[in-house]
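Only one chain is included here, represented as structure tokens and corresponding to the form predicted on its own.
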């Protein structure tokens, strides 16, 4: 029998940064390697050490990984618990690593036009539910980049003609803690351009098990809708697409053949 739900909200997953971090930590090395390979392949005028901005940085796992590589890393997130967790893990890197609380669509930045890389993976961009706010977020990322800088955005695309409910599961462990995360996405509501999301984290810790359930909406993007959005921010030119396997050798086209896409955009 499943354990009783102890916590249900629109932010439960994000209010527990340790467990959120565990769910995604297997991606960290792959994403870090991918960013380095992509800069080598698509970038020009990059030195060995970059200045990086991560909108919606979450628990700071990628900020820490890239700081370990010697880069200057700045990131922000709307959830105060995630920001506090990120600040704690970045403390040893001094002024070269910063995290603050901010929103995707109207964030402030320490230095406009000075970042080499901006990245926002794992479909976080889809939390922006209005077109005008999505445009504002992209313009903000563009403004943050220097000429020739690279912007990476990862998101799931929607094919409205083939749109069943989707389910994914992750399990991870640390000493004394096990987290099983299950995520369901409902079929898209095309007129509203939204899909209902539900995540249940089953957490076993100190011999006790509990569930934290998170409910929210994502904005949907078909290929045509995504292309229309990018056309509104011409300062970011699309140079390549990859997928969530983070394999630099495996390029994708921006079409309906594949749902998980990573956009590689260059500041014009």
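Bear in mind the structure is a predicted one, so any value in this text is a computation, not a measurement. Positions refer to the first chain, counted from 1.
One more form of this protein, predicted together with a small molecule, exists but is not displayed; see below.
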{"item": "4.5 Å heavy atom contact, residue 62 to the small molecule in the predicted complex", "value": "yes"}
{"item": "4.5 Å heavy atom contact, residue 127 to the small molecule in the predicted complex", "value": "yes"}
{"item": "Residue 97: touches the small molecule in the predicted complex, heavy atom cutoff 4.5 angstroms", "value": "no"}
{"item": "Distance check, residue 14 to the small molecule in the predicted complex, heavy atom within 4.5 Å", "value": "yes"}
{"item": "Among 171-179, 138-146, 194-202, 76-84, the region lying within 4.5 Å of the small molecule in the predicted complex by heavy atom distance", "value": "76-84"}
{"item": "Residue (of 104, 117, 155, 188) lying close to the small molecule in the predicted complex, criterion heavy atoms within 4.5 Å", "value": "104"}
